[in-house]
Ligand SMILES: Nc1nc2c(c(=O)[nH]1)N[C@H]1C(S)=C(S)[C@@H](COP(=O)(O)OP(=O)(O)OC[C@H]3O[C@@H](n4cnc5c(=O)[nH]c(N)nc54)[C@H](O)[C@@H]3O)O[C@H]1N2
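Quick setup: one chain, the form predicted on its own, written in structure tokens, and binding and motion questions come after.
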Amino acid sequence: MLNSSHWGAFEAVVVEGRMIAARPFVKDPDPSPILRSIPDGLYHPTRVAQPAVRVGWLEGGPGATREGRGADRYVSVSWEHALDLIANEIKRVICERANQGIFAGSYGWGSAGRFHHARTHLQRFLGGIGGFTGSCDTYSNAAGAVLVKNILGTARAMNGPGTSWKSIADHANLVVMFGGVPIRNTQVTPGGMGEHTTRNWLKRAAAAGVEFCNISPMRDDTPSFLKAEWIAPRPNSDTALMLALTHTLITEGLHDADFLGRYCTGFSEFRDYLLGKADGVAKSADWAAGLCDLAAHKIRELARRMAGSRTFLIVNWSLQRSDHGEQPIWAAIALAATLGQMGLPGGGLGFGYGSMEGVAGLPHDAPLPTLPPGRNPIRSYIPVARIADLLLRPGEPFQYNGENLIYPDIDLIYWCGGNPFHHHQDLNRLIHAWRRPSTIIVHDPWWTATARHADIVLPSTTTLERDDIGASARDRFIVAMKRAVPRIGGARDDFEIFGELAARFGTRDLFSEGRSASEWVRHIYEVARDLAERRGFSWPDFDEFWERGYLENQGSSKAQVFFEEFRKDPDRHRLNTPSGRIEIFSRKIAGYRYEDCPGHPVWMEPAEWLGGDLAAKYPLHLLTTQPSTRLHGQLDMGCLSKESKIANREPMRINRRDAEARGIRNGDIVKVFNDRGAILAGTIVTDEIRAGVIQISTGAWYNPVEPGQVGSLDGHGNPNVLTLDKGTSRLAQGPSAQTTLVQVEKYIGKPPPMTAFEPPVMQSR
């Protein structure tokens, strides 16, 4: 029975009503091993069995004992009682604060299914009763996406589809990768996929003789078969390196003056900055060498190689998740423009090729079956990574992308389909902020940290307990996600839950449009099928599709080259920027007068980095990466993730020299800490990571030794206890997770027990 997930399509193997395995989709050439963990998550003891209410909230009413979130006991209640409590609380908040007092967070990777998309159902319900405060952008690439819309005129530059791997394999001589191309990241894409292609495209490029250069603090950010040259600058110094490469191209006459003049605007202002005319500091290789901790001659040599080859630049999304994260994206665009190869086969640049599967696959124009989110009458919103600021600073002004906004006063958070205690930074600050609203409601299949910090928890189904359609704009396959097993415990679909709530507001027909869940699945397919036919695709009707289990769209045989049409005729194919050109200097952004994001790429010292004063106290830079054994925090309880743990803790990789200096060996439990908090982790000593840097994957379920307490030691290894919660700049307000300094020491004594994978205590009524 076919199904799908964000890490790939699979066949659910079911025996006597119980799933025992996930067999990879036969069409997938490189299936993800994460599939092994699916049955473990489906039947794990942390499944939420019944609607539950936190004791302190139930006894004291909204706002009572908020400090008990994360530590309190829960009481099981009936579905009717839980839904009545929620409806009454929503009505209270609307009456007292108006609809903008409700924050519909629900950011996350809840389901690959296009109909059972939790965030969309929540927004349809709340939009139908007057609206909500929402959010924009993503934790993945907020800084880059906002920036490129301003200077390239489209978010497609950041999100894809970009120049195809086929074009790179057939035409490039050199691929320079800032942040590498980590294969672990290309296991996943939103909506799922029928085929993983990145590994095979990379092998094809290597076989064709393409050379690769990996610029990253981690050697294994690229697969070993690429035999990539490894250049390991200090973390957060990439902008300085890019500026120095561009300076070398200009001062040695290796730049493409014709391209800069015809296709770009504002290069003269940027050139003056590079040459130091304004501040007296030339952004040369010698200048960057000290910042990046690289030899100046290596920087100059790389610039010359790039100019002498058909060169493609790849910039991973991780670079822009740092303080001033807009700058490496802008500097990379300026560097590519200076080389003058944008719009040529195998040349130019692309973002996120190692951040997600399908960003550079062969293009197709097939539509997606999707559920319309409805309209939100409330215009109040925040950039997605500013949730703690939202809760801690009600009524205060803030800036975002040229707008002057105000944080609304939130009294109710409604969250489903995501886990902020996985993806948000500085969890101790988040816990403090999380105590501000009177009520927090969460839908979740499992007792995640977010569920444990909620007042009302409703058990939602997983993809294996309902029918749906899996599809992604980055993949050719559309999958019939057939229910494999009966619902577990008292779980209900989000669509059913919100339908019952809408009935309590008299808006059920508006929410459901008179369709059942099965009718909606059929409807969104048929709507997409009609559009597909207008685009030249031939799809079967729904019944035939459902019987077969999937359909396969034909991708283009022609490789895509980003900006190819613009290069051929920049007047006819103007960019959606004020100038119609690539804006190396942006008068629009300069007009915002943001000190932390001026009008062209600049080097600005990060809040925390190994070149700053704080490094004397915290001499190690923490990199937080997507794990290879799960998707963020999903399936952390699964067999693959558990096998990767060291003494039940999340692994921490550390350079051999740094480990020896601290008396740390492989397998030791260590304490990783800074002024924001402390965690325990298990040690892997390696030469694959730069000295002065440690790496811990995100997604270990938060396991505070003292639940509910701000500042508690986390015994499992969730790195977001340590990361910096700061907007990248006033332009994009993205997350700055990769700007984090720490210290590491060997943990002495008996480690605390692991309780993250045990359900909370349930109290009798």
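So that there is no doubt, residue numbering starts at 1 and follows the sequence shown. Model, not experiment: these values are computed from the prediction.
Keep in mind the form predicted in complex with the ligand is missing from the figure; the text below concerns it.
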query: Candidate from 431, 416, 226, 145 lying within 4.5 Å of the ligand in the model of the complex - any heavy atom; finding: 416
query: The single option of 265, 507, 140, 135 touching the ligand in the model of the complex, heavy atom within 4.5 Å; finding: 140
query: In the model of the complex, segment of 605 to 613, 537 to 545, 177 to 185, 553 to 561 with a heavy atom within 4.5 Å of the ligand; finding: 177 to 185
query: 4.5 angstroms heavy atom contact with the ligand in the model of the complex for residue 631; finding: yes
query: Contact of residue 333 with the ligand in the model of the complex (heavy atom, 4.5 Å); finding: no
query: Contact flag, residue 738 vs the ligand in the model of the complex, heavy atom cut 4.5 Å; finding: yes
query: Contact flag, residue 720 vs the ligand in the model of the complex, heavy atom cut 4.5 Å; finding: yes
query: Within 4.5 Å of the ligand in the model of the complex: residues from 229 to 258 (heavy atom criterion); finding: 235, 236, 238
